[in-house]
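In structure tokens, the next block holds one chain alone, the form predicted on its own.
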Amino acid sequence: MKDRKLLMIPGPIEFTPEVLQAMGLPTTSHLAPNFADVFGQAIERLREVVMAPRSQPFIVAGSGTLAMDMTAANLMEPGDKAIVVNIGYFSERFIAILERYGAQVTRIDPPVVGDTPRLEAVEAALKQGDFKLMTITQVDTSTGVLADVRSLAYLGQQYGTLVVVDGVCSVAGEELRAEEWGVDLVLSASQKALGVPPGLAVVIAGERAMEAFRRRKTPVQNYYADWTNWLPVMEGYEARKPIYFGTPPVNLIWALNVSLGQILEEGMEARFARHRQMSAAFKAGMTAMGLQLVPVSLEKAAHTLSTVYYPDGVDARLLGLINQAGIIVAGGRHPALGDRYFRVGHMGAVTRSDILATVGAVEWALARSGHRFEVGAGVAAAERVLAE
């Protein structure tokens, strides 16, 4: 009897067999020629995934929080001004990180949780002063909200502000055209739509971001995150001439290169479209059962995950029932919403059968929780979207 449950949380996600196979390869030397080739290729492929051909990628052992920390440490100096476009818990985390490095932070909050800040409010703030950078969380996993990166980046460029996108839950899943849209830096992590087990922090810095780093007047106040240490390493591996600073996570980088190859083989346009369809199918299933999404509209809802309120009379015990049905989903994360909602990831290698199985598990759990709805309506609604 199969006893493995399907992992449908907002990360870590399910990984392809080829990625897991790469994780299990015998670990080679981090200075070996074959690993140098793999690392160099991964750096090159990252540029293609975020569509930033003139950028400088950094791949470092760590989490998405390290990628945020690395960004703030290298671009901010005490007294610099920053704007944070706040759409949830991880936007708030960026505020704390920026302030740790002495930044003066202006936060632009949404009207309500589940919404995005108004573009007019962001522009009004930009007009007030000389901001060095603006951070945008493209998808905040606490709310399931999708920011309008393209419009926000345009505003940042208009006012001479570096545009930083937290793409931890969006890169390789949501549409992101970094150079075309005027994004100066994209950061991410391995365990979500990039499709690799946890352990890699990823930063892709554009030309303006690198120039701002080179113009620093003070040393970077973080030894491990300092691009001064990592830039020669990245340049060395890309030239297939490995340079040592800290031992890289060999198997994770090997797996990353495999996953990036699969992502590019699928094609970015096809991948964006697949994520949109999977998201639409899952959300249609939830709506058909009478459930409400946390985002205020579908236009502001992420395609890499869904955040769903429990219906009246149902609470977090629903998660245990969904688990009994063979699917693992996540509870809420945003402090203002508490345990009123649950979260489901549908990114990376997710398939149509994964979506149908998850909608079916939610149906089964809701029926056993006393929620009144037309049994079968959720799966039928998801199937209709997937058949399009």
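All values derive from a computational prediction rather than experimental measurement. Each residue number is its position in the shown sequence, starting from 1.
Separately, the form predicted together with a small molecule exists; it is not shown, and the next lines address it.
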Handout entry: Candidate stretches 110-118, 289-297, 135-143, 241-249 - the one whose heavy atoms come within 4.5 Å of the small molecule in the predicted bound form
Key = 135-143
Practice task
Only one of Lys81, His275, Arg93, Arg208 comes within 4.5 Å of the small molecule in the predicted bound form by heavy atoms, so just point that one out.
Solution key: Arg93
Completion exercise
If we test each of Gln324, Thr65, Ser29, Thr351 for a heavy atom within 4.5 Å of the small molecule in the predicted bound form, the one that passes is Thr65
Problem - Contact label in the predicted bound form: Ala193 to the small molecule, heavy atom within 4.5 Å - result: no
Handout entry: Heavy atom of Leu98 within 4.5 Å of the small molecule in the predicted bound form
Key = no
Practice task
Give a yes/no on whether Cys169 approaches the small molecule to within 4.5 Å in the predicted bound form, heavy atoms considered.
Solution key: yes
Problem - Exercise: Ala189 in contact with the small molecule in the predicted bound form, heavy atom 4.5 Å - result: yes
